[in-house]
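We begin with a single chain expressed as structure tokens, specifically the form predicted alone.
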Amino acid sequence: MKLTTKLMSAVAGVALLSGAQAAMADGHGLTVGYFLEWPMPFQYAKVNGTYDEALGAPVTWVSFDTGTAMSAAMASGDVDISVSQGVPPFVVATSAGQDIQILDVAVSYSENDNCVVATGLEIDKTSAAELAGKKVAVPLGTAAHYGFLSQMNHFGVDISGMSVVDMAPAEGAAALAQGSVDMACGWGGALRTMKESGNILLTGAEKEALGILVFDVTSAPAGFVAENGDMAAKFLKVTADANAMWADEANHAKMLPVIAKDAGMDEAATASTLAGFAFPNMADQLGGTWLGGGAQTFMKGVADVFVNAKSIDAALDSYDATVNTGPLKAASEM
């Protein structure tokens, strides 16, 4: 089957748009996109008004269901910065011509993004070939979509014979529970719900060994960054400080309840999710593994997978220009 039409509809009408307007030009502050049920240390700073204080202006936070929706909001000027946008939706948008940039690595999480097969099918990694012809709920153009394509490629399952339905993770989890799909892919709280109705095929470590990386970024329209570089740097500095605070386990008791409440989760689920997250520090992010070259190479690989799956029409020759380390370097010197 062909995914091109559905996937490209997620970025239709935004491909030629350059991004958001300068956030401070009209004195209204900054608008930032994020995910619910996706707990991260930055939320401690969010709740305590640390961003507002550091920026000297109010920050409005808007929640999203998918990274493709974040891309559309940045294209329309409704959002200035997106926190924890998946690399695949970022690649989809930039491949279609949207001028957005990666500012930092928000989180790495191979265990917290996966596909789950309905228990009744009794299919695991030794019998994955039986997925041929099955119906799958996948949020197209996301990290989960990339992971799905990569896993099916690994197992030799021809996706052209599968029925792939575009569903946000929460919808996919409900469909799996109801028995209306055979497999569902997603992340965070929705993935935990999916696991109540089935089993994964590969663990996070097994995926990493195959080169199926899963990480999110902080992204923003290039025009916004060009006009508000100092603001972007201050924003990234607050985020990095929150990550460093979380890295010290002595702070967990203080931070966890705040993060959990803001994420719309209970503390046990929040702690479990965070345990599967890694937050690279600024020095590591600027190194070769991440924004110093590794991320750019990985994005090209993601794009090529999408092109081969006929999910997007074409990939960029290089994704080097989609990474802007200027604000992060400035933040590291603050």
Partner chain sequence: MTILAIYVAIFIGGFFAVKYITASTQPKDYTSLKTVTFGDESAVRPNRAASIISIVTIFLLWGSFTGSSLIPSFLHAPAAYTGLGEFNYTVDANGQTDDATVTVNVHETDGEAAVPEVEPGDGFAKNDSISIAKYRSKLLRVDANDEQGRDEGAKIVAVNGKAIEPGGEVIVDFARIAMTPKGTLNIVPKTGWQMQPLYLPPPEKVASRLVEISSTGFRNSTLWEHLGYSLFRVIVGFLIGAAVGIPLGYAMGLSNWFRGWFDPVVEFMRPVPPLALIPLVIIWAGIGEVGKIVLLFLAALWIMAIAARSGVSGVNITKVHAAYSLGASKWQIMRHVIIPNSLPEIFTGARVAMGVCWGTVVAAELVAAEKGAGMMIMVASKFQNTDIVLMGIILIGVIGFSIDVLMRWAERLLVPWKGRS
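Residue numbers count along the first chain shown, from 1. The structure displayed is predicted, hence computed values, not measured ones.
A second form of this protein, the form predicted together with the partner chain, is not displayed here; the remarks below concern that form.
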Per contact check vs the partner chain in the model of the complex (non-hydrogen atom within 4.5 angstroms), the hit among 208-216, 171-179, 243-251, 121-129 is 171-179
None of 191, 117, 164, 259 but one has a heavy atom within 4.5 Å of the partner chain in the model of the complex; the exception is 164
Of 75, 263, 83, 105, the only residue with a heavy atom within 4.5 Å of the partner chain in the model of the complex is 75
Checklist entry - Is there a heavy atom of residue 322 no more than 4.5 Å from a heavy atom of the partner chain in the model of the complex? => result no
Exercise. Does the partner chain come within 4.5 Å of any heavy atom of residue 141 in the model of the complex?
Worked result: yes
**Asked** Hey, in the model of the complex, does residue 306 get a heavy atom within 4.5 angstroms of the partner chain?
**Response** yes
ask   = Can any non-hydrogen atom of residue 154 be found within 4.5 angstroms of the partner chain in the model of the complex?
value = no
**OP:** State yes only if every one of 135, 223 and 313 has a non-hydrogen atom within 4.5 Å of the partner chain in the model of the complex; otherwise state no.
**Re:** yes
Across 89-123, the residues having a non-hydrogen atom within 4.5 Å of the partner chain in the model of the complex turn out to be 92, 93, 96, 97, 98, 99
